[in-house]
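Below you will find one chain, with nothing else, as structure tokens; this is the form predicted alone, and questions on how it binds or moves follow later.
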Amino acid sequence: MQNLMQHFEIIQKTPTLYALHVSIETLFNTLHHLRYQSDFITLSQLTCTDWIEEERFELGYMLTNLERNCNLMVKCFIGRDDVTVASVVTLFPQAEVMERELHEMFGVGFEGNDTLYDFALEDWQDLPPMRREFDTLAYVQSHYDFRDGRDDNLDVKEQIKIRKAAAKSAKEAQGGA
């Protein structure tokens, strides 16, 4: 890891976890370097975080070294609209499935991955469901009628508010503020 720290601004998070933030322009070359010029040979995870307030996504590539005792999270920010990133399938074949999932769930395109078709959501035509602006309740109400007419068809958000208020009242009654 010390050798890599001479070339990159790597931050140690825990004794076995490190983080590196790169630009989208240098992402592929950085991952290529880490794959072939260091011992980070496995892509363990590919994640996407939706920072809707900042109008961007954060991709996270979790790499694991040959000895399986060190992880490096390579992160980069990308836009939220019409986003395409270079696929890393040529570097890490296991990325094929991970990229398919992020494409389907967040709408991120991966140039060079020819398998970006239905993965888990067959014939999905709506906004990708893991984007924060996706309204799950509205989607369910407009697509499913299985709860119509049931006595237990309650507004989840309202029920959460009621439970929180009851918990707060119980805590205050016990003398804790």
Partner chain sequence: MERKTITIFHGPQHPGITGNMSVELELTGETITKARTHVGYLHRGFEKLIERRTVIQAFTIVCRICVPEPDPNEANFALAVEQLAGIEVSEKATYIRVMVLEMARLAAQLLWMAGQSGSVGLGTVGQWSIYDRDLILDLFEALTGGRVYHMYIYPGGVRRELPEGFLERLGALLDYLQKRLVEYDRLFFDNASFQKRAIGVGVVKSEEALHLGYVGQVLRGCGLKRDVRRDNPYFNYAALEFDIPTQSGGDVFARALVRRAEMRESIKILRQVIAQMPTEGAIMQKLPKHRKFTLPKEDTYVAVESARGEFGYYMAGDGSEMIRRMQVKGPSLIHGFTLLESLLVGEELSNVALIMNSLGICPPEIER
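The model shown is predicted, which means the values in this text are computed figures rather than measured ones. Numbering follows the first chain given and starts at 1.
This next part talks about the form predicted in complex with the partner chain, which is not shown.
Chemist: Could you tell me if residue 14 has a non-hydrogen atom within 4.5 Å of the partner chain in the predicted bound form?
Modeler: Close contact exists here: in the predicted bound form, residue 14 approaches the partner chain to within 4.5 Å, heavy atoms only.
Chemist: Hey, in the predicted bound form, is residue 109 touching the partner chain, heavy atoms inside 4.5 Å?
Modeler: Residue-level check for residue 109: no, no contact with the partner chain.
Chemist: Should residue 78 be counted as a contact of the partner chain in the predicted bound form, where contact means heavy atoms within 4.5 Å?
Modeler: Outside the cut-off, so no.
Chemist: Hey, in the predicted bound form, does residue 34 get a heavy atom within 4.5 angstroms of the partner chain?
Modeler: Residue 34: no, not in contact with the partner chain in the predicted bound form.
Chemist: Could you list the residues in 48 to 72 that come within 4.5 Å of the partner chain in the predicted bound form, counting only heavy atoms and keeping sequence order?
Modeler: In sequence order, 48, 49, 50, 51, 52, 53, 54, 58, 62, 66, 67, 68, 69, 71 come within 4.5 Å of the partner.
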